[in-house]
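Before any questions on how it binds or moves, here is one chain, the form predicted on its own, in structure tokens.
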């Protein structure tokens, strides 16, 4: 829709509502008039679909909005970054352009367009889930939402893809020396390349579709992903029998709406969309952490029972990895924003 036509339509809607108010007919008319100006379907982009927590939270968002808006707003998830031909790094740009209406997106994938989001990829910044919450639910999260909002994208809630853990087919990894020479599949981020190079590994960028056959043939030794993906993708079946729980970085997700789409919603529906996103985000976070943290370690125990050698780093062992990647931290801090990194470290210490 061209901007002039869009503005005319909004003026028409406002006039219709004003007339209805004057005639005392507003009772059921407001929703009907606004719904007439809405799209029949709003597309939600995700990289991962069901049954992963990422996809489940997007579906939850759509279901809640549909129910609470009485069908005025119909949202549908399109997984696999299919709205951008599978190139997840182009997702944020497509949202800005209006090609995508909504998204539940990865801070990793959006970091090329929003450099501040590299904060979450700084190696060993967040030692536990409370640290993630201290960032996303505190002043750091507010600051990052302000940055995103300045780019014609409206952020409405946080979700989570989880800590990215390390697996490989060679041997258990407990020290940086154990990383030397391992060929590790990583996502296409310069920060990931720097981190694994600093640890003595051989980081290799490739698509997930290419990675799994490479594990099976031993062309690639290992990978880093949340435990939920390790389990759902059945990685032990392709030789990934060593898993290190090192929590070297986490991947928060962000629920967003294209700015023009957002402004076309009534204040009532904006409230519905935002509150549903917050609820869906919490649902996905709880789902992703279940069985891998706190008193419930059932997922980890199940992985061990399947024959996988699971290493959980002690604080002292983790500090060796922190020291080995400190130069990476120092290199990227000014690129991300020194003030933002300082605020993040302060927030984590005060959690």
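Bear in mind the structure is a predicted one, so any value in this text is a computation, not a measurement. Positions refer to the first chain, counted from 1.
The protein also exists as the form predicted together with a small molecule; that form is not presented, and the subsequent description refers to it.
- At a distance threshold of 4.5 angstroms between non-hydrogen atoms, residue 88 is in contact with the small molecule in the predicted bound form.
- Contact annotation for residue 108: at least one heavy atom lies within 4.5 Å of the small molecule in the predicted bound form.
- The small molecule in the predicted bound form is approached by residue 47, whose closest heavy atom lies within 4.5 angstroms of it.
- Under a 4.5 angstroms non-hydrogen atom cutoff, the small molecule in the predicted bound form lacks residue 166 among its neighbouring residues.
- Residue 229 is the only one of 229, 198, 94, 114 with a heavy atom lying within 4.5 Å of the small molecule in the predicted bound form.
- A heavy atom within 4.5 Å of the small molecule in the predicted bound form is found for one listed residue only; from 258, 121, 225, 244, this is 225.
- If you check the small molecule in the predicted bound form, you find no heavy atom from any of 183, 204 and 321 within 4.5 Å.
- Shown alone, this chain has one stretch from 141-149, 274-282, 261-269, 185-193 that lies within 4.5 Å of the small molecule in the predicted bound form by heavy atoms: 185-193.
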